[in-house]
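Below sits a lone chain in structure tokens, taken as the form predicted alone.
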């Protein structure tokens, strides 16, 4: 006889459903409203259905630099992704053995997670101004984003190597492999899915970051800053089309990452 679910189950189910609606409802609303007709507004009900605002998005805008901001955000996110993967991997390998100052270095590395993002951005911007350096997206903004992505990458790699079986490397060395060969042919293939996860964190966190970008990009904007600027200057659904495009880019990166993990696991089998 099937056991009947109690009242607490339905209460939790309703709470979870409301949470999902609260979490994804605004994003879905923006995506739907971005497909309005030329006379569309910023609120429901929709006025027609077309790709008009997406076409407007790729035309020259009287205000702002959407194309430049989008390209800068993509390039910055790719650079941050690569550096996050490289530094996190090297740190994970280094922390497999205890060394002097390892504990203090760890706390320094993750301290930026508990600091307000806007404070870090203001601090980096003020430091560049004090030193007379020019703030750009590939210098000061890069450093600001790395203070956000590197701690996540480090924590992931520490968890991965904490579960890694060192006997696999010992077996490789017993068979004549050098230290580099054991890392290349044993360690890296095993932790490859985790490295893809670190890359995904690095790209998405950088691509969507606004507070840490606010004071460090200089005279140009990244995509989140451009979106914020458009909210004060543009009152058309073109900002919804831009939001939909950036969301799809994030989903595409996630999809490619999941596909890469699936391919790695299938080859391992």
Partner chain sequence: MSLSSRTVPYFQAAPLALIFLAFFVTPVLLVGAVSFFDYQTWDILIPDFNFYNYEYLLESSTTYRTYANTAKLCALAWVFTLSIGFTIAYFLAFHVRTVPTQIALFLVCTIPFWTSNIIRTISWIPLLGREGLVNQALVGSGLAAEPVEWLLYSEFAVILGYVHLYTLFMIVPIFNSMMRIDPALIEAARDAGASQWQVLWTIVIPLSRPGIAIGTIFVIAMVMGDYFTVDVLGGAKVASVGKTIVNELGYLQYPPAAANAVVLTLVTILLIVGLMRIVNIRKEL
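If you superpose the two forms and keep the largest set of C-alpha atoms that fall within 1.5 Å, you have the rigid core. Positions refer to the first chain, counted from 1. Nothing here was measured: the structure is a model prediction, and the numbers come from that model.
The same protein also has a form predicted in complex with the partner chain, omitted here; what follows describes it.
Trainee: Taking heavy atoms only, is residue 12 within 4.5 angstroms of the partner chain in the predicted complex?
Mentor: Yes, residue 12 is a contact residue.
Trainee: Counting only non-hydrogen atoms and a 4.5 angstroms cut-off, does residue 109 reach the partner chain in the predicted complex?
Mentor: Contact with the partner chain, yes.
Trainee: Counting only non-hydrogen atoms and a 4.5 angstroms cut-off, does residue 147 reach the partner chain in the predicted complex?
Mentor: Looking in the predicted complex, residue contacts with the partner chain include residue 147, since a heavy atom lies within 4.5 Å.
Trainee: Since only the chain is shown here, I'm wondering whether residue 53 would be in contact with the partner chain in the predicted complex (any heavy atom pair within 4.5 Å).
Mentor: Because no heavy atom of residue 53 falls inside 4.5 Å of the partner chain in the predicted complex, the answer is no.
Trainee: Which is the contacting stretch out of 186 to 194, 96 to 104, 70 to 78, 164 to 172, given heavy atoms within 4.5 Å of the partner chain in the predicted complex?
Mentor: Stretch with heavy atoms near the partner: 96 to 104.
Trainee: Check each residue of 208 to 223 against the partner chain in the predicted complex and list those with a heavy atom within 4.5 Å, in sequence order.
Mentor: Residues within 4.5 Å: 208, 210, 211, 214, 215.
Trainee: Residue 14: CA shift of at least 2 Å between this form and the one not shown after core fit?
Mentor: Result for residue 14: yes, a 2 Å-plus shift.
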